[in-house]
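Single chain ahead, by itself, as structure tokens, in the form predicted on its own.
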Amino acid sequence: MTKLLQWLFGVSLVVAGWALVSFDLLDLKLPQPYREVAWPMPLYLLVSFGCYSLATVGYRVATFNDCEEAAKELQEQIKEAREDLRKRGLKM
């Protein structure tokens, strides 16, 4: 089972549960306050997911590791490439 199918399965379960509670499809005789809370639940979940995503991206950016060795190696490769291009007649 791919990750996409796992997510689609999970989302379909949540949507099915929301539809059952919101529209009282199984005639569960739930109290009105339960249905009033369940009705805007997809919006609450979407906002929560957005906040979680924003916090995750912010945390990853704040704790991003610098690769000093790779930066030095890249600078050396750039110098070598410039020298090679100068030898071939390209003026910068």
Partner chain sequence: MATRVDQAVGMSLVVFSLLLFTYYSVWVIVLPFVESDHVLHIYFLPREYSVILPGIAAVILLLCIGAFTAVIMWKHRKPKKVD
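Just so we're clear, the structure is a prediction, and the values are computed from it rather than from any experiment. Positions refer to the first chain, counted from 1.
If you look for the form predicted together with the partner chain, you will not find it shown, but the lines that follow are about it.
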| request: Determine whether any heavy atom of residue 26 comes within 4.5 Å of a heavy atom of the partner chain in the predicted complex, and answer yes or no. | output: no
| task | Answer for residue 30 alone: is it within 4.5 Å of the partner chain in the predicted complex, judged on heavy atom distances? | result | no
| request: Sequence order please: the residues of 16-40 with a heavy atom within 4.5 Å of the partner chain in the predicted complex. | output: 33, 34, 36, 37, 39, 40
